[in-house]
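Below you'll find only one chain, the form predicted alone, shown as structure tokens.
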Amino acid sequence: MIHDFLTWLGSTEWSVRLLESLWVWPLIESTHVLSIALFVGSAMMMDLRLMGVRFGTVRASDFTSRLLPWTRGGFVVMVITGILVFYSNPVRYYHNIFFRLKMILMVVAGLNIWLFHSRIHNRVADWDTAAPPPRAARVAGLVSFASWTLIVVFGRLIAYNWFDCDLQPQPGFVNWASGCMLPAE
């Protein structure tokens, strides 16, 4: 059912035109990469502060208030352009094992962000200048840093077709993890 919907989506005029565009596709992909750099770069700076590795002389509340607008802006552009990149070839992305791993890690990163901002950062006044920050903040920073590092790595690996469904034979685990729909033998 999902495969059928994505096949239809990928065959729509806008999807085909986007993928085959001489100028729009490279512009969207380049904007996606630049917005990733802005988002991940600013998020990792905050993560380093949360882990107590760098920027220890800057109050955590000042650090987040200065960087959060840039992080949020980068995130919005990254998500919009990411959706457009997916829209250009949805079946290929959906069946790509690296895309699937990236999406799983984005859920982990999103839950970590929610947990940090709903619980840990609400008590920032208690640990604003603490060196090192409390354990919960350090763990949140480490989870964020690791998640976004792997998201970028897996995102980059999506471009390589080592495990595409149309390249058979593949190990059974790869076919299962990629959701490959193989013809019955």
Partner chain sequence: MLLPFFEWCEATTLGRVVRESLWMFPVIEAIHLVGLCVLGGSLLVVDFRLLGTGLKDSTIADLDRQARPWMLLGVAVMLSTGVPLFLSEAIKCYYNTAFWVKILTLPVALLFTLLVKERFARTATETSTSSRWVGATDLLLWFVVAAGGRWIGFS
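Just so we're clear, the structure is a prediction, and the values are computed from it rather than from any experiment. Numbering follows the first chain given and starts at 1.
Quick note: we don't show the form predicted in complex with its partner chain, though the next part is all about it.
Fill in: Site test, L34, W70 and L157 vs its partner chain in the model of the complex, non-hydrogen atom cutoff 4.5 Å
Checked in the model of the complex: all three residues contact its partner chain.
Worksheet item: Wondering, does W162 line up within 4.5 Å of its partner chain in the model of the complex on heavy atoms?
Response: Because a heavy atom of W162 falls inside 4.5 Å of its partner chain in the model of the complex, the answer is yes.
Worksheet item: Is G41 close to its partner chain in the model of the complex, meaning a heavy atom pair under 4.5 Å apart or at it?
Response: Residue-level check for G41: yes, a contact with its partner chain.
Discussion item. At 4.5 Å between heavy atoms, is R119 in contact with its partner chain in the model of the complex?
Written reply: Contact check for R119: no, nothing within 4.5 Å of its partner chain in the model of the complex.
Worksheet item: Closest heavy atom of W23 to its partner chain in the model of the complex, within 4.5 Å or not?
Response: Yes, W23 lies within 4.5 Å of its partner chain in the model of the complex.
Item to complete: Select from the listed residues A125, L142, A130, V53 the one whose heavy atoms reach within 4.5 Å of its partner chain in the model of the complex.
Response: Going through each option in turn, the one that passes is V53.
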